[in-house]
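Below you will find one chain, with nothing else, as structure tokens; this is the form predicted alone, and questions on how it binds or moves follow later.
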Amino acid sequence: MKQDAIIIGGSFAGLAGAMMLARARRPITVIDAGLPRNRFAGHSHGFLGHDGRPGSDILADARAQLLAYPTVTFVEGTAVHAGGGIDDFSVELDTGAVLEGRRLLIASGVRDNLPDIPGIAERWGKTVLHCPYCHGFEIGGGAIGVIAGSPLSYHQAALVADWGYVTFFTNDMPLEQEALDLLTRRNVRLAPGKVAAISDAGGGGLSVEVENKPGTTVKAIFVATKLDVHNPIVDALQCRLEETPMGTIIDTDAMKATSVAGVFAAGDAARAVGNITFAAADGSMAALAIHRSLIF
């Protein structure tokens, strides 16, 4: 049976979109591989009404609520190819199954490319973090590190200074005078040189090693990842992409429509700066636009 919409991605953007379309009594299918971007973090913060809950629990509740709507179908798996056009899309799964739909909503998120520094990947989402609004309060102040990962990382260092005493590890990134002036105003300490490794320190902290210098102990580290939205679906549909200082995302208009007629995108896949609130709002907006496009 051809669905009115196929939603690729069952995290916050995809489920928020599914809820809107389910309440419009539209037949939809949600494809979910069970790998949300925030799966590395034990708890979610800043999402109204759910502060401090594990993100997996919030998603589980949302899925259970959606399954009460008779027009919603969930499919476990990964979308590996998409083709066709408006009113006649097809999506192939890694299981070999093929789904057909009139509209597509890409809510498959992005890949976080971390700096190539030993010790970062295994601590990602725990003591190596990306968003101070999501995790800064729980650090409780004190020594915090920020590692340069992009030319705008000094903005992150200046921002994080509201949550503690920041050491900015420049990782051999040159800084203009404007950046130096801002960091001075924000009382950010500079640690020049290439970061060699990160290791555990006493008391649950981290030691950041710069070249051959003694390690600097911090309670946590913030680092900006490089976003990469490329996946088989985005590439197959040839959606127009947007290059941002944070990396590559899908280009959408205010209603979350992509450059391909009938294809919409929401959440981190189409937003350079994301959190759960933004993702859910984008998914809802995309669903409203999809519903309108099916009528008008």
Ligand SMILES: Cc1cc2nc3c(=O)[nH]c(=O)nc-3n(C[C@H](O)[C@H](O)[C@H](O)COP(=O)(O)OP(=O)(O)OC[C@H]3O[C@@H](n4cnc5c(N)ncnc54)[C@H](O)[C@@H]3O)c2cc1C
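The first residue of the shown sequence is 1; numbering continues from there. Values in this document were obtained by computation on a predicted structure and should not be read as measured data.
Although not depicted, the form predicted together with the named molecule is the subject of the following passage.
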| request: Check each of Asn171, Thr216, Thr78, Thr71 and return the one that places a heavy atom within 4.5 angstroms of the named molecule in the predicted bound form. | output: Thr78
| Of Ile250, Val263, Ile28, Ile233, which residue is found within 4.5 angstroms of the named molecule in the predicted bound form when only non-hydrogen atoms are counted? | Ile233
| Where does the named molecule sit in the predicted bound form: which of 175 to 183, 197 to 205, 155 to 163, 104 to 112, heavy atoms within 4.5 Å? | 104 to 112
| message | Whether Leu21 contacts the named molecule in the predicted bound form should be assessed with a 4.5 Å heavy atom distance threshold; does it? | response | no
| query | Does the named molecule come within 4.5 Å of any heavy atom of Gly125 in the predicted bound form? | reply | yes
| query | Quick one: does Ala5 come within 4.5 Å of the named molecule in the predicted bound form, counting heavy atoms only? | reply | no
| Would Gly9 count as touching the named molecule in the predicted bound form under a 4.5 Å heavy atom rule? | yes
| Considering only 154 to 178, what residues come within 4.5 Å of the named molecule in the predicted bound form, judged by heavy atoms? | none
